[in-house]
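The chain below stands alone and is given in C-alpha coordinates; this is the form predicted on its own.
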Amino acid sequence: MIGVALCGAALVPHDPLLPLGAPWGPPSGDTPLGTDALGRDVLSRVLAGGRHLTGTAGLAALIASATGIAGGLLAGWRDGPVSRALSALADLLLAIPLLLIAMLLAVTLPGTVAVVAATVCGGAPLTLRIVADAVRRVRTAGYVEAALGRGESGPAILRREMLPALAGLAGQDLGARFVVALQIAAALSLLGLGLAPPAPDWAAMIRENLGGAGLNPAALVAPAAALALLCLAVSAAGHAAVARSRGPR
(Lines give C-alpha, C1' and ligand atoms only; values in the text may rest on other atoms or scores of the structure.)
Protein backbone atom coordinates (compact mmCIF):
# COMPACT_ATOMS: atom_id res chain seq x y z
CA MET A 1 0.00 0.00 0.00
CA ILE A 2 2.88 2.35 0.76
CA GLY A 3 4.35 1.61 -2.67
CA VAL A 4 1.01 2.29 -4.35
CA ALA A 5 0.69 5.59 -2.49
CA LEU A 6 4.13 6.71 -3.62
CA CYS A 7 4.25 5.26 -7.15
CA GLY A 8 0.58 4.91 -8.10
CA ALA A 9 0.80 7.87 -10.50
CA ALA A 10 2.77 5.64 -12.86
CA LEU A 11 -0.16 3.19 -13.05
CA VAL A 12 -3.04 5.54 -13.89
CA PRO A 13 -5.16 4.36 -16.84
CA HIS A 14 -6.30 7.93 -17.65
CA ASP A 15 -5.09 11.47 -17.08
CA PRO A 16 -6.38 12.25 -13.56
CA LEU A 17 -6.95 15.90 -14.51
CA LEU A 18 -9.10 15.41 -17.64
CA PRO A 19 -12.90 14.81 -17.59
CA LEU A 20 -14.03 11.55 -19.17
CA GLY A 21 -17.78 11.71 -18.67
CA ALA A 22 -20.66 13.12 -16.68
CA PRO A 23 -20.14 14.18 -13.04
CA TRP A 24 -20.40 11.32 -10.55
CA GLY A 25 -20.97 8.74 -13.25
CA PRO A 26 -21.35 5.12 -12.08
CA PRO A 27 -18.58 2.52 -12.48
CA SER A 28 -18.12 1.22 -16.02
CA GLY A 29 -15.64 -0.82 -17.99
CA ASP A 30 -13.56 2.24 -18.80
CA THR A 31 -13.87 3.81 -15.33
CA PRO A 32 -14.05 0.95 -12.74
CA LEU A 33 -14.70 3.38 -9.88
CA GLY A 34 -16.81 5.81 -11.88
CA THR A 35 -16.21 9.54 -12.20
CA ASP A 36 -15.95 12.39 -9.71
CA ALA A 37 -17.57 15.80 -9.39
CA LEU A 38 -15.95 17.03 -12.63
CA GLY A 39 -16.28 13.79 -14.56
CA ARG A 40 -12.68 12.65 -13.99
CA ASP A 41 -11.69 9.01 -13.53
CA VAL A 42 -11.82 8.20 -9.79
CA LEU A 43 -9.42 5.25 -10.06
CA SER A 44 -6.77 7.40 -11.75
CA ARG A 45 -7.14 10.14 -9.15
CA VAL A 46 -6.92 7.61 -6.30
CA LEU A 47 -3.76 6.09 -7.77
CA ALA A 48 -2.20 9.53 -8.22
CA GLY A 49 -3.59 11.16 -5.09
CA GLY A 50 -1.45 9.63 -2.34
CA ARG A 51 2.06 10.70 -3.26
CA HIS A 52 1.98 14.23 -1.85
CA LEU A 53 0.21 13.18 1.36
CA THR A 54 2.58 10.26 1.89
CA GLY A 55 5.71 12.26 1.14
CA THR A 56 4.64 15.13 3.38
CA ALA A 57 3.68 12.78 6.22
CA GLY A 58 6.93 10.82 5.85
CA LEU A 59 9.06 13.96 6.02
CA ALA A 60 7.10 15.29 9.00
CA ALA A 61 7.35 11.95 10.83
CA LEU A 62 11.12 11.73 10.32
CA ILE A 63 11.72 15.24 11.67
CA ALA A 64 9.28 14.84 14.58
CA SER A 65 10.66 11.45 15.59
CA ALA A 66 14.29 12.58 15.33
CA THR A 67 13.53 15.71 17.38
CA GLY A 68 11.71 13.70 20.03
CA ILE A 69 14.43 11.05 20.25
CA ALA A 70 17.16 13.67 20.63
CA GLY A 71 15.16 15.44 23.31
CA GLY A 72 14.33 12.18 25.07
CA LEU A 73 17.98 11.09 25.18
CA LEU A 74 18.93 14.44 26.65
CA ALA A 75 16.06 14.53 29.15
CA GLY A 76 16.49 10.93 30.27
CA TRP A 77 20.26 10.81 30.65
CA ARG A 78 20.60 13.35 33.45
CA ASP A 79 18.03 14.70 35.90
CA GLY A 80 18.47 18.45 36.18
CA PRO A 81 17.33 21.83 34.85
CA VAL A 82 17.63 20.78 31.19
CA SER A 83 15.56 17.64 31.78
CA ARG A 84 12.92 19.59 33.67
CA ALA A 85 12.80 22.32 31.00
CA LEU A 86 12.34 19.80 28.19
CA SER A 87 9.63 17.96 30.12
CA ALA A 88 7.82 21.23 30.85
CA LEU A 89 7.97 22.25 27.18
CA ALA A 90 6.60 18.86 26.16
CA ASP A 91 3.75 19.15 28.68
CA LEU A 92 2.93 22.65 27.40
CA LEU A 93 2.77 21.54 23.76
CA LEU A 94 0.66 18.50 24.63
CA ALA A 95 -1.83 20.71 26.48
CA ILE A 96 -2.68 22.65 23.29
CA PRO A 97 -5.12 20.95 20.88
CA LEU A 98 -3.10 19.67 17.94
CA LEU A 99 -5.67 20.64 15.31
CA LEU A 100 -5.63 24.22 16.63
CA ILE A 101 -1.84 24.33 16.28
CA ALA A 102 -2.07 22.90 12.77
CA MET A 103 -4.70 25.42 11.65
CA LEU A 104 -2.77 28.37 13.07
CA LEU A 105 0.37 27.18 11.30
CA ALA A 106 -1.50 26.49 8.07
CA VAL A 107 -2.72 30.08 7.74
CA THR A 108 0.79 31.47 8.21
CA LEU A 109 3.03 28.88 6.54
CA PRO A 110 3.02 26.88 3.26
CA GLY A 111 1.02 23.65 3.54
CA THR A 112 3.92 21.19 3.71
CA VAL A 113 5.85 23.32 6.20
CA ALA A 114 2.73 23.66 8.35
CA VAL A 115 2.21 19.88 8.45
CA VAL A 116 5.85 19.30 9.41
CA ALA A 117 5.77 21.99 12.12
CA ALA A 118 2.45 20.79 13.53
CA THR A 119 3.67 17.18 13.63
CA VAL A 120 6.82 18.26 15.46
CA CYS A 121 4.73 20.26 17.97
CA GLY A 122 2.25 17.46 18.52
CA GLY A 123 4.37 14.34 18.04
CA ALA A 124 7.87 15.13 19.26
CA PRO A 125 6.70 15.68 22.88
CA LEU A 126 5.20 12.19 22.97
CA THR A 127 8.39 10.70 21.55
CA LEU A 128 10.44 12.68 24.06
CA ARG A 129 8.45 11.26 26.99
CA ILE A 130 8.70 7.67 25.74
CA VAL A 131 12.42 7.83 24.99
CA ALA A 132 13.25 9.66 28.23
CA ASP A 133 11.48 6.98 30.26
CA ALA A 134 13.32 4.24 28.34
CA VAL A 135 16.68 5.92 28.91
CA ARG A 136 16.01 6.34 32.64
CA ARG A 137 15.25 2.62 32.89
CA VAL A 138 18.49 1.50 31.28
CA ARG A 139 20.97 4.16 32.40
CA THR A 140 21.86 2.04 35.43
CA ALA A 141 22.15 -1.19 33.42
CA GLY A 142 25.39 -3.12 33.58
CA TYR A 143 26.58 -2.31 30.08
CA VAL A 144 26.04 1.39 30.69
CA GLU A 145 27.90 1.25 34.01
CA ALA A 146 30.71 -0.62 32.25
CA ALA A 147 30.93 2.09 29.58
CA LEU A 148 31.08 4.75 32.27
CA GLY A 149 33.79 2.73 34.00
CA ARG A 150 35.83 2.74 30.78
CA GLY A 151 35.68 6.53 30.85
CA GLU A 152 33.35 6.96 27.88
CA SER A 153 31.54 10.28 27.68
CA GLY A 154 27.79 10.67 28.00
CA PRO A 155 27.22 11.51 24.30
CA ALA A 156 29.33 8.51 23.27
CA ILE A 157 27.32 6.18 25.51
CA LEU A 158 24.05 7.57 24.20
CA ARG A 159 25.21 7.08 20.61
CA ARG A 160 26.88 3.66 20.95
CA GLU A 161 24.86 1.99 23.69
CA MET A 162 21.46 3.65 23.97
CA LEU A 163 20.51 4.31 20.36
CA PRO A 164 20.96 0.68 19.19
CA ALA A 165 18.89 -0.48 22.16
CA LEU A 166 16.12 1.96 21.18
CA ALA A 167 16.03 0.99 17.48
CA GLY A 168 12.81 -1.00 17.73
CA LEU A 169 11.13 1.69 19.81
CA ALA A 170 12.23 4.32 17.30
CA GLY A 171 10.78 2.30 14.40
CA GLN A 172 7.43 1.96 16.10
CA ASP A 173 7.45 5.62 17.10
CA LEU A 174 8.20 6.65 13.51
CA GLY A 175 5.12 4.75 12.38
CA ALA A 176 2.97 6.47 15.01
CA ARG A 177 4.27 9.90 14.03
CA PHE A 178 3.57 9.12 10.37
CA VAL A 179 -0.07 8.36 11.18
CA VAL A 180 -0.37 11.62 13.13
CA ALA A 181 1.23 13.57 10.28
CA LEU A 182 -1.08 11.92 7.76
CA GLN A 183 -4.10 12.85 9.87
CA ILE A 184 -2.92 16.47 10.07
CA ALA A 185 -2.23 16.67 6.34
CA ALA A 186 -5.61 15.12 5.54
CA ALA A 187 -7.46 17.40 7.96
CA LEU A 188 -5.86 20.53 6.50
CA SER A 189 -6.63 19.33 2.98
CA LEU A 190 -10.25 18.64 3.95
CA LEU A 191 -10.44 22.24 5.18
CA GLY A 192 -9.11 23.49 1.85
CA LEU A 193 -5.59 24.23 3.16
CA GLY A 194 -3.79 21.49 1.22
CA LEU A 195 -2.90 21.06 -2.44
CA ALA A 196 -4.58 23.50 -4.80
CA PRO A 197 -7.11 22.06 -7.29
CA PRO A 198 -7.09 20.27 -9.67
CA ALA A 199 -4.16 18.25 -8.27
CA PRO A 200 -5.32 14.79 -7.12
CA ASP A 201 -5.30 14.37 -3.36
CA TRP A 202 -7.13 11.74 -1.30
CA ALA A 203 -8.37 14.13 1.36
CA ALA A 204 -9.40 16.75 -1.19
CA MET A 205 -11.27 14.04 -3.10
CA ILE A 206 -13.37 13.32 0.00
CA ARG A 207 -14.31 17.00 0.25
CA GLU A 208 -14.99 17.36 -3.47
CA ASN A 209 -17.23 14.29 -3.69
CA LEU A 210 -19.37 14.67 -0.55
CA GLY A 211 -22.21 16.10 -2.62
CA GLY A 212 -22.26 13.13 -4.96
CA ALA A 213 -22.15 10.33 -2.39
CA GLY A 214 -25.60 9.17 -3.45
CA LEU A 215 -24.76 9.12 -7.17
CA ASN A 216 -21.32 7.47 -7.09
CA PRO A 217 -20.35 6.32 -3.56
CA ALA A 218 -17.03 4.99 -4.86
CA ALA A 219 -15.82 8.54 -5.46
CA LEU A 220 -16.09 9.13 -1.70
CA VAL A 221 -15.28 5.68 -0.33
CA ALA A 222 -12.20 4.95 -2.45
CA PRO A 223 -9.98 7.83 -1.20
CA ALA A 224 -11.17 7.31 2.39
CA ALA A 225 -10.31 3.62 2.17
CA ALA A 226 -6.90 4.46 0.70
CA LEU A 227 -6.14 6.74 3.66
CA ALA A 228 -7.22 4.08 6.16
CA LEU A 229 -5.24 1.31 4.45
CA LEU A 230 -2.12 3.47 4.34
CA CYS A 231 -2.39 4.13 8.10
CA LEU A 232 -2.83 0.40 8.77
CA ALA A 233 0.12 -0.50 6.53
CA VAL A 234 2.45 1.95 8.27
CA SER A 235 1.31 0.84 11.73
CA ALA A 236 1.90 -2.79 10.79
CA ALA A 237 5.38 -1.89 9.52
CA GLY A 238 6.13 -0.20 12.85
CA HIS A 239 5.02 -3.26 14.84
CA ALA A 240 7.10 -5.47 12.56
CA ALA A 241 10.14 -3.29 13.29
CA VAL A 242 9.62 -3.82 17.02
CA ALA A 243 9.23 -7.58 16.57
CA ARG A 244 12.46 -7.78 14.53
CA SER A 245 14.37 -5.76 17.12
CA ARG A 246 13.30 -8.18 19.86
CA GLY A 247 14.38 -11.18 17.81
CA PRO A 248 12.93 -14.70 17.91
CA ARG A 249 11.75 -15.98 21.28
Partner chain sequence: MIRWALVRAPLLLAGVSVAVFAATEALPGDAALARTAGRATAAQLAALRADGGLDDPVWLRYLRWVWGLLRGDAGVSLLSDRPVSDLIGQRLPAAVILAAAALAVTVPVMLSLAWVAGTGSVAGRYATALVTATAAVPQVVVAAGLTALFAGVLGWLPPVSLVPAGGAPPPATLILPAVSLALPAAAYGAMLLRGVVADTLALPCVRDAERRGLSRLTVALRYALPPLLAPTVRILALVSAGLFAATAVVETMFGYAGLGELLAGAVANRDTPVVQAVAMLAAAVAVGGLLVADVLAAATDPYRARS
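Numbering follows the first chain given and starts at 1. What you see is a predicted model, and the numbers here were worked out from it, not measured in a lab.
There is another form of this protein, the form predicted together with its partner chain, and it is not shown here; the text below is about that form.
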Within 4.5 Å of its partner chain in the predicted bound form - does that hold for a heavy atom of every one of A66, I130 and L148? no
Would you point out which of 155 to 163, 75 to 83, 175 to 183, 134 to 142 contains residues with a non-hydrogen atom within 4.5 Å of its partner chain in the predicted bound form? 175 to 183
Students should find that, of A106, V116, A124, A170, the residue having a non-hydrogen atom no more than 4.5 angstroms from its partner chain in the predicted bound form is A106
Within 4.5 Å, heavy atoms only: does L43 come near its partner chain in the predicted bound form? no
Taking heavy atoms and a 4.5 Å cut-off, does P27 contact its partner chain in the predicted bound form? no
Quick one: does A237 come within 4.5 Å of its partner chain in the predicted bound form, counting heavy atoms only? no
I'd like to check something about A70: if you look in the predicted bound form, is any of its heavy atoms closer than or equal to 4.5 Å to a heavy atom of its partner chain? no
If you look in the predicted bound form, which residues in 80 to 101 sit within 4.5 Å of its partner chain (heavy atoms)? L92, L94, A95, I96, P97, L99, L100
